[in-house]
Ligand code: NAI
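This document starts with one chain, in the form predicted on its own, laid out as structure tokens.
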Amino acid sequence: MSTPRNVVVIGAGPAGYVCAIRLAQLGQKVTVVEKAELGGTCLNVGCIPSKALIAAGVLLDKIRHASAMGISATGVKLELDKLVAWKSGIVAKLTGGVGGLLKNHGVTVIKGTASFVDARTVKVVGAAGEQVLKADDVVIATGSEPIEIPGFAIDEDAVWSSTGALVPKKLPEHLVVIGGGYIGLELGIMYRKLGSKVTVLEATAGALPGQDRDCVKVIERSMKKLGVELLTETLARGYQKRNGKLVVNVTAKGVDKTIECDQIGCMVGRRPHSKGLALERAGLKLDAKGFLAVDKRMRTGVPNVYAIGDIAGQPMLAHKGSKEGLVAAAVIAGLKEEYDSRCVPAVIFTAPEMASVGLLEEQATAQGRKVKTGQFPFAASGRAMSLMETDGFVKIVADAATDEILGVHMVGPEVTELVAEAALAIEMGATAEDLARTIHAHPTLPEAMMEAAEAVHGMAVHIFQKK
């Protein structure tokens, strides 16, 4: 493309800022509008700060159990204010880095709230007043916000969203978490490891709806061992303040009861953020779930308007948004590009960790495929033993006819790192035999991937498989 296009990107989260940088790398003139902080939810009040606090909880828990290794530690205490400050320091470094990258690539950043005047005009209202931006193309990357449920207005005091849970003023004595999805479990388990009593309320029959049930069972057992109370088929109805405490009203398997606590976390999920954008002025309309429909080139129904990240549909994951941002940037720059990823990995930082990519066994079967699976337990891994983390396994779902790997689901130590190999295998169209024949370093956790691939064929070496 000889003439640079003038592009306005609304939102500077993992979708928006990645798109803006790639646009600049491809020679376009780029302006980013961000109403809050660079980096969006992920860097400021989501992925990064939560994983920092989770890492602290994991370390504290390891110290408590280090006597099994012959290491005794006394006088260990948690200084919450220092922990929060350390977490904030990580966030500041990363968001500052994003700002530096945008500046170095010549991207103009405007702080303020954006709304459409028409499909090629964006109005920005900020501290500096009102600006009107003309654009050849507009990219919507506004992210998402926590869902609020009736009876639990989020005030970040009595009722936290995930945002409030990441900046605690004190450690709760008893935290009630509404929602047994990945956000609720990650933060609930973190607070349990930091020392709080934790009760998780989940409306469905089990934790982590939609995930591999064999993996979830491992996490549910671990929660019980940790002392995290999981109440399934339980609906939260509301709460009252009474004698300095919070009393939560619930219906548990048809029975009304109350739970007394000092902190509530409402973590039932997130919804795309579009309020105030005046999308109708650009000729855009949200679907019933609040998403903007896009094609494989990230184009909306209006040819020069693109949508990426959480507002462009499920899964609402940072890395999926970043990929979409790269695609949109390439298309705008005139390159032949489209979103053609075969799989999007999901990582859950529970205890133990869980990761999944590709099809579940039941999903593959529903597609009419005959499948075969292989599973290898971390209890048979020397590396896992040395880490004192032997709960869990790696499961591979393969096509029975072609041996192609359709999905990989794992729970155990550092599986959030191991899943990258599985994602690459699926993207490359690898077979279980391909993975089994690949030499894996010993002693390492990825050997479990190789052994699970062998197990697909009934040939795992370090476990006995009945014929």
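Just so we're clear, the structure is a prediction, and the values are computed from it rather than from any experiment. Numbers follow the displayed sequence, beginning with 1.
Note that the form predicted together with the ligand isn't included here; everything after this is about it.
K.L.:
Can you work out which of E186, E353, D212, D137 has a heavy atom no more than 4.5 Å from the ligand in the predicted complex?
P.N.:
After the contact test, the surviving option is E186.
K.L.:
Which residue, V216, M267, V357, V371, is the contact with the ligand in the predicted complex, using a 4.5 Å heavy atom cutoff?
P.N.:
Of V216, M267, V357, V371, the residue with a heavy atom within 4.5 Å of the ligand in the predicted complex is M267.
K.L.:
Would you check whether the ligand, in the predicted complex, lies within 4.5 angstroms of a non-hydrogen atom from each of V344, F378 and M428?
P.N.:
No: no residue has a heavy atom within 4.5 Å of the partner.
K.L.:
Could you tell me if E202 has a non-hydrogen atom within 4.5 Å of the ligand in the predicted complex?
P.N.:
Yes, E202 sits close enough to the ligand in the predicted complex that at least one of its heavy atoms falls within 4.5 Å.
K.L.:
Applying a 4.5 Å heavy atom distance criterion, does K51 contact the ligand in the predicted complex?
P.N.:
Answer yes; at least one heavy atom of K51 falls within 4.5 Å of the ligand in the predicted complex.
K.L.:
Just to confirm, V198 within 4.5 Å of the ligand in the predicted complex by heavy atoms?
P.N.:
No, V198 sits far enough from the ligand in the predicted complex that none of its heavy atoms falls within 4.5 Å.
K.L.:
State yes or no: in the predicted complex, is some non-hydrogen atom of Q263 no more than 4.5 angstroms from a non-hydrogen atom of the ligand?
P.N.:
Heavy-atom contact with the ligand at 4.5 Å: absent for Q263.
K.L.:
In terms of non-hydrogen atoms within 4.5 angstroms, which of the given stretches 299-307, 229-237, 126-134, 164-172 touches the ligand in the predicted complex?
P.N.:
Flagged stretch: 229-237.
K.L.:
Counting only heavy atoms, which residues in 171-200 are within 4.5 Å of the ligand in the predicted complex?
P.N.:
Stretch hits, in order: I178, G179, G180, G181, Y182, I183, G184, E186.
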